[in-house]
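Look below for two forms of one protein chain, each set out as structure tokens: first structure 1, then structure 2.
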Structure 1
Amino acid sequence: MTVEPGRRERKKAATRQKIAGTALRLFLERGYDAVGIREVAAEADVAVTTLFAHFASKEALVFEQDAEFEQRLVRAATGRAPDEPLVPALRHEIRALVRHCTAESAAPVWQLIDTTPALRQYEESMRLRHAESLAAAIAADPGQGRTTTACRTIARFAIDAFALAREAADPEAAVDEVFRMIEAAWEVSGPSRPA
């Protein structure tokens, strides 16, 4: 059962979305480096402190759904049915994220990211953080019985599948291709056995 967010949470979410939308519009219009934090705050009609209450950095403004994506990946590992295998659950979620990020409307944002060194660096650190969160979620599942290294490896592979698929001519086929390799690696890693 999901609980509807209260008025305060809805207002915070709307403010956050307004700030991110304003920032993205300005970045796309004038270029990321040409727009300052104060301009974004003024255009969004919020104080700079309010902006920083919602976003830890200028780069984070472009990746407004960062935390949601991370939570979705963790839920793919932890929220599946007891008899549902891990790898297909991850493939399903990565496919959904790839569909979202390869929609035609996302192309200008990815072009901005790909041509801005600070955003490329932020995206890379974000992917590493997502991989560590996913690895921790996988490792916490007592039914997996894999080493920490195996859990971290599979998590990194899954996150890399997203990045590779986003750049492919056929993103969904790329997800399937990469996940065939991930499935094989997961099987080979097998549950660890006591010596």
Structure 2
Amino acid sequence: MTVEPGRRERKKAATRQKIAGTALRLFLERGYDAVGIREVAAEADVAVTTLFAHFASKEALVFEQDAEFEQRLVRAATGRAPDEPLVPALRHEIRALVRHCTAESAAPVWQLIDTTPALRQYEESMRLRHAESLAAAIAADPGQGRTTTACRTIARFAIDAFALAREAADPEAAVDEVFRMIEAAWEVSGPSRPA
């Protein structure tokens, strides 16, 4: 599957990177709204249609790590030791993601996102997508006897934790705070007191 980085794939990835890199640079230099798609395409030396072949929308240019982010969440739920409880595993991953996003180097990008309504909105719906994937991953785990609603609820709570922590004064502490609440919620949603 992933064993064939043929020239084609490499070129495609290179084009994608070039577009995303150029776009991000321009956006950071002059502001998201002040830079048009046609301009990004020209600067990256590709056609507008090519740009949209790689990214579904202008906003998606900024969230290049979208898929990776989602995978990490899902793996945190599915790929854990059989006896490792779910919630702490989620907390650990969310913690890592928050740390990653609040790092010094990521500051300019997030500042751009936070100050651009279109990007904020896009990120919101992105999170919802991630929450749904996570919910599916949680529900897929056999022998955790929760309802679909409970799984979706916990998934949303976890994503909310990320969003809230990112905006909190002390992100790490905020993750712990929200996860204490999540832990409690998860407890009471437990497999209806197995007889």
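Residue positions are counted from 1 along structure 1's sequence. Just so it is clear, the structure is predicted and the values come from calculations on it, not from any experiment. Note that the rigid core is defined as the largest set of C-alphas that superpose within 1.5 Å between two forms.
One chain, two forms displayed separately, with the form predicted in complex with the DNA being the second of them, structure 2. The Cα position of residue 60 differs by less than 2 Å between structure 1 and structure 2 after fitting on the rigid core. Superposition on the rigid core between structure 1 and structure 2 places the CA atom of residue 180 less than 2 Å from its counterpart. A displacement of 2 angstroms or greater separates the C-alpha positions of residue 37 between structure 1 and structure 2, with the rigid core held in common. For residue 12, the Cα shift between structure 1 and structure 2 is 4.2 Å when the rigid core is held fixed in the overlay.
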